[in-house]
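Okay, so here's just one chain, in structure tokens, the form predicted alone.
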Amino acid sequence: MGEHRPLFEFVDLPREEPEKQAITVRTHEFSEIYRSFKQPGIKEQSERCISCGNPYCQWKCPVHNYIPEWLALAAEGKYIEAAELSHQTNSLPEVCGRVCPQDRLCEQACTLNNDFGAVTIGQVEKFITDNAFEQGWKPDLSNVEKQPYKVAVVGAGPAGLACADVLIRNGVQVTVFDRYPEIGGLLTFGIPEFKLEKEVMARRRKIFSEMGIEFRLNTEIGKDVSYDELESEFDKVFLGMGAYKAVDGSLEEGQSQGVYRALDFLIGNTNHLHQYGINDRPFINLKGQDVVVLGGGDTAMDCVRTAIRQGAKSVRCVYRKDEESMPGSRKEYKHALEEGIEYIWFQQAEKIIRDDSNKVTGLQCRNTKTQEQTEIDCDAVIVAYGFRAEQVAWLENTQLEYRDNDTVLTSEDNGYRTAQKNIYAGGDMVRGADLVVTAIAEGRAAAESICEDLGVIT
């Protein structure tokens, strides 16, 4: 494989990314900003990989994708074979190709990164999966021996879906429960479509269903189904409920008009665009308003870019440190800058300013360098300080143990088994708000532990 590939393609061909939608188009549309790479471009960019003897890109990836191997297949136009290989380590490669911060993971670790520009790993990953699906490829489970075991997965986010994927591939019957009407968790309801179009997850749901995974959506555990029912019907339970509790900004966000929590804003926008019927997430319309978003992570970038597309008059991102300290993706920072976002550094929000009619008119901040007080005029404030896990009432009678930050106590070292027999957990409810790919890695690892405990060979 790859014996006829040029040895020094990375010298002759620079790193390239697919063309972006024009600013005048993308700031008004909720659709992915990158146009699709064409096949010649995919082959050329894949050929730039030098197949390192010690592939740093693979080790930097939380799921340890066989990156050099599927790049070699892509370079030869063998996209279905590349997709097959990709799925051996990743349950959602088409998602990771779109939303992973490759600039901090595989591409940052690429040997070519500093001198020649990293291979565009993320875009190739996205392409090979999309292309394989377009050709009609789907996972072949015809030779999988069905096992007499049933596992309940609570939460249809990346951790839960990854766990279900590995289980069904090993013949274990899986039922995934989720309170929302579609699978994906924050992939569907939190991440805006300019990063991940909803059709991607709808297609993935169809594929998973055809593999044999059962989905019970619009179903809330503890309300529609009790834990006792889960325990009696299923041999094992995996918890992948994420981290949805917003970090408190002490600004009465979510409690008063004009000051909003990030997830309320993002989920409400998706719910409005697709009419999902989620009653507790109403649409927050910022058209014509001067908007301030607080925070420096990817969620803050999602909020500022969504506000722009809603037609906000102005959008500013206020962060307590400098640009280099922002925890979010550099790509997302640049995309927002291109779309007209203004950044204000070294400011810590302290108080909402209102007029006599209780309307928001500004934000009082403290300069974190000089300690001086400043005011920023605005009509609306979105608090995007991050999320944390929280304990749920329906698990209170179990033996689960928690850390001080309310994450479930388990880890890779014990195979994501919890203190409660037959319960496993992974993703954000174990490590706190983190990357999609780390949730996938933990869901897959937990599934392997479940198979081991059931006596199923993986």
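Values in this document were obtained by computation on a predicted structure and should not be read as measured data. Start at 1 and count along the sequence shown; that's the residue number.
Just so it is clear, the following notes concern the form predicted together with a small molecule, a form of the same protein that is not shown.
Note on contacts: among Glu220, Glu214, Asp264, Glu338, the single residue with a heavy atom within 4.5 Å of the small molecule in the predicted bound form is Glu220. A heavy atom within 4.5 Å of the small molecule in the predicted bound form is found for exactly one of Val99, Ala72, Leu85, Met201: Val99.
Picking from 372-380, 347-355, 155-163, 142-150 the stretch near the small molecule in the predicted bound form, with a 4.5 Å limit on heavy atoms, gives 155-163.
Three-residue candidate spot Leu186, Ile191 and Val436; every residue lies within 4.5 angstroms of the small molecule in the predicted bound form by at least one non-hydrogen atom.
Looking at Lys195, you'd find a heavy atom of it within 4.5 angstroms of the small molecule in the predicted bound form. In the predicted bound form, the small molecule stays beyond 4.5 Å of every heavy atom belonging to Phe208. In the predicted bound form, at least one heavy atom of Met241 sits within 4.5 Å of the small molecule. Although the partner is absent from this view, Trp394 contacts the small molecule in the predicted bound form, with a non-hydrogen atom inside 4.5 angstroms.
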